[in-house]
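In what follows, one protein chain appears twice in different forms, each by itself as structure tokens: structure 1 and structure 2.
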Structure 1
Amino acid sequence: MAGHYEMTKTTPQSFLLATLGGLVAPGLAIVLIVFYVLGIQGGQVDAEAAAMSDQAVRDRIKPFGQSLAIDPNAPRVERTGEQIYNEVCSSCHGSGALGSPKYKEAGAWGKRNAQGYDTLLTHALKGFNKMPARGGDPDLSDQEVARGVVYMTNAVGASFEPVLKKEREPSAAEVAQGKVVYAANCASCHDSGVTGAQKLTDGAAWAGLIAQGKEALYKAAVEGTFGGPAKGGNEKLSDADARLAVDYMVDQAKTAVEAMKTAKK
């Protein structure tokens, strides 16, 4: 005779307990996952202040190149020997890089100072051994290079003066020839200051240019710098005539510079 089994009757209480028991394991797993994700996110939170975070974003999105508007016709301000050293020379002479004598290192400068100022200035202007011409800054004027040399050498006992070799003065005949060239090729701009050209009567505009030396001005006239075209825009003008025009302009501009200095006294 077949056995007879009686099934236990399910009560609401037992059903509820069974249901809750089945939810415990999945619930616990979900809680653990949530805490795990929050932990990862917490470790990735940037601890920087809001201002720093904002600056970081700005740094990331700023353009690779930045345009600096520089007026090529603005009067050039000559820097002191200390400024030249800090801004140009210290990159090597501050640390002794490339075998350069360190600033205020008397032992390293002694034998160099013994060569004399003219030799040291020539080396600084034209370059020597591993040292590049003008300390690697082609925009330095001869006078600024001289000041930088004197600043460093005098710091270890020298008593040099930042003087340049006296430039050859053009003859009266050469100045007269330059005036003719100027009238034909340069006066249209330099008489009135149109296109930003330096007027011959503007002492402030010419003071910085003259301080760079005649050779720099000859180069500018022939090749075209300081905002002006090469040879005044006349391609047929010879280099010699361009130099004569410079001689005339400098001769006239010096008068304006002296008048400016007198007015300031």
Structure 2
Amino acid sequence: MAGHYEMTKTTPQSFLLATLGGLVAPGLAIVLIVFYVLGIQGGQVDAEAAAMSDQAVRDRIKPFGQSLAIDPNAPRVERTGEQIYNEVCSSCHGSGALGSPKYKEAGAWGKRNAQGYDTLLTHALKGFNKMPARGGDPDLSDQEVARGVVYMTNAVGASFEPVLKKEREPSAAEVAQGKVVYAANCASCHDSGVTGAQKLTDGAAWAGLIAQGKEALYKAAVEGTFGGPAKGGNEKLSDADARLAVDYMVDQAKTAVEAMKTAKK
């Protein structure tokens, strides 16, 4: 039995040696090789990155940038006045919290309604004393806020329409001027839709853009957007001309938006 024990005492030792020699050493070699390969690859990536021009980097990230940029134009679902009231306004106006005029309480609304719709809407959009702008929900569109206002004011006898301030319509002459600017500076992208530029025939895209309001579009044209260059890349273009081009684009796009709406009906 003792001999048996001795046998088992030496076997693990030799096994250990065998393990060291036969397993750990090749293992170490493998680890070293892996590090070596990784080192080469890392070096290549660095070299590549260094060699990449700014433009190349931009080209690389473009598909990603485009998908980011397209999202804001996804058609958003506009809620009704009742939904807006229930989801946002009722938290105060339901109870009259913070001194807000309470829903359906004619006495609380009478004088306020007498100010007229425009003032009420401006107060609801921009805030008024303890009334937070957009009822405290910056995600509400102007149109939704207007519906919320009308929902509450019409509940106490007003008969307002949830319209937004009409934007100044460009004259036919301005649109014609804009067309010339567009052809020279913008058509190269916006006619074909290259690099994600919204084609003037893309009703769905323009419905979203038009909803942002002309000012936002003027700003985008003059200062550039994520994917669109400032003034279409023509530094010499005046701000006024860039705006005229937008007037023309919106004028054209409205036709596409209308066509889309009729097709849906």
Ligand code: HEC
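Residue indices: 1-based, along structure 1. Computed from a predicted structure; not experimentally measured.
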TODO: Return 1 or 2 according to which structure is the form predicted together with the ligand.
DONE: 2
TODO: Assign each C-alpha to whichever of the two rigid parts fits it better between structures 1 and 2, then report whether Glu174 and Ala256 share a part.
DONE: yes
TODO: Could you let me know the angle, in degrees, that the smaller of the two rigid parts turns against the larger between structures 1 and 2?
DONE: 25
